[in-house]
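In the form predicted on its own, a lone chain appears below as structure tokens.
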């Protein structure tokens, strides 16, 4: 991919708001193109998250480390934003690491550039409210699935949530996301 106009980025915003030419120009000026190799660290939990990535092609994993084990939390892919939300908003360290599961191309916005966009374009508030509603709904479903369902139901929910990309995620990462062992996951998959 080249650093051609940010058509996919604009299309994403236009799902929620009308982009004026001025806002398009501001986004175009502030969003930079970045790429990551498979396995490359995107964000280190030891640092404050100051960047948000809109994935054009590829797949990330957000995870934390507990008792020396990596616990997968979510898998942002094409047409999704990725950052460590609490760290990004509060500008303090948080528990989340982000790495690239596969080679990934994305557009990057620095936190200060996003602040500028929010302060100068009132429609960005509407974008944030509407797009975050989708994320909030997903998180509530995930919490319910983790707390009140069997391993088999958790896996079914995972397949539904990540229907387009589940086959691209390594099984060990899926098992840690579900909170089950890889052996249990293999057994469940064998029953399908």
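Residue numbers count along the first chain shown, from 1. Remember, it's a predicted structure, so these values are computed and weren't measured experimentally.
As for the form predicted together with a further copy of the same chain, it is not shown, yet the points below apply to it.
Segments offered: 121-129, 161-169, 48-56, 26-34. Contacting a further copy of the same chain in the predicted bound form at heavy atom distances within 4.5 Å is 121-129. A single residue from the set 105, 80, 73, 102 has any heavy atom within 4.5 angstroms of a further copy of the same chain in the predicted bound form; that residue is 73. Annotated contacts: 9, 60 and 109 are all free of a further copy of the same chain in the predicted bound form [non-hydrogen atom within 4.5 angstroms].
Although the partner is absent from this view, residue 19 stays clear of a further copy of the same chain in the predicted bound form, with no non-hydrogen atom inside 4.5 angstroms. At the 4.5 Å threshold, heavy atoms of residue 140 reach a further copy of the same chain in the predicted bound form.
With a 4.5 Å cutoff on heavy atoms, residue 66 counts as touching a further copy of the same chain in the predicted bound form. Contact annotation for residue 133: at least one heavy atom lies within 4.5 Å of a further copy of the same chain in the predicted bound form. Along 156-188, these residues reach a heavy atom to within 4.5 Å of a further copy of the same chain in the predicted bound form: 176, 177, 178, 179.
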